[in-house]
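As a starting point, one isolated chain is supplied in structure tokens, in the form predicted alone.
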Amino acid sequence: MPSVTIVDHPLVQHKLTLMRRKETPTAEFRRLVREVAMLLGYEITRDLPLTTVSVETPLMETEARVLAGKKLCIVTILRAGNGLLDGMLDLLPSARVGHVGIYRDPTSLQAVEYYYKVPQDIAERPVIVVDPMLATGNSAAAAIARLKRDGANDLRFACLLAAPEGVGHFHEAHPDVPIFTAAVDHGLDDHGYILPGLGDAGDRIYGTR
């Protein structure tokens, strides 16, 4: 899986295990998602370009490095992606934010778009698309395709968990977009849920089941 980076930092793996536990309460699950998102963000942004500026420290003037170019944009796939969005914004508080509303049809498992709002200059920004689960890959692939139609070309996808089927579908549709995840699990059940997974991430983040 050349397009997949598994972030196997001990803290990421420990927190992922806590999220997998069915007895983990909503408040703790939500906090863990936020924390893991921030840790994933460190790896995802490793290659952002830098430039040099002159700054005055308390002791002297010096040349130091800062991020170059347009501020990054984080695009969340509603609704569950908002759980990762908060952690990413903890790391990148000046980032712009876009939203793509997509739900998975329970019968066909295909992606259906119902909302789309991103910065007008999305084509000029690095973009991180966030969604907790890459299961069938249909929603993620549809969101990336929608962003590409608006000219976005510097794209990364971040999720907590992925299934081999989702990775395969996503890579077939968008071989140029790298995936960052905490783990690639065994596969999908008959309803398109990741096994062993952690259940429905959106329901667990918001306590709706």
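Residue indices: 1-based, along the sequence shown. Keep in mind that what you see is a predicted model, and the values were worked out from it rather than measured.
Here the subject shifts to the form predicted together with a small molecule, a form of this protein not shown in this document.
Shown without its partner, this chain lists Ile128, Met133, Val100, Met88 as candidates; in the predicted bound form, only Met133 has a non-hydrogen atom within 4.5 angstroms of the small molecule. Across the options 88-96, 69-77, 115-123, 133-141, residues that bring heavy atoms within 4.5 Å of the small molecule in the predicted bound form belong to 133-141. In the predicted bound form, the small molecule lies farther than 4.5 Å from every heavy atom of Met19.
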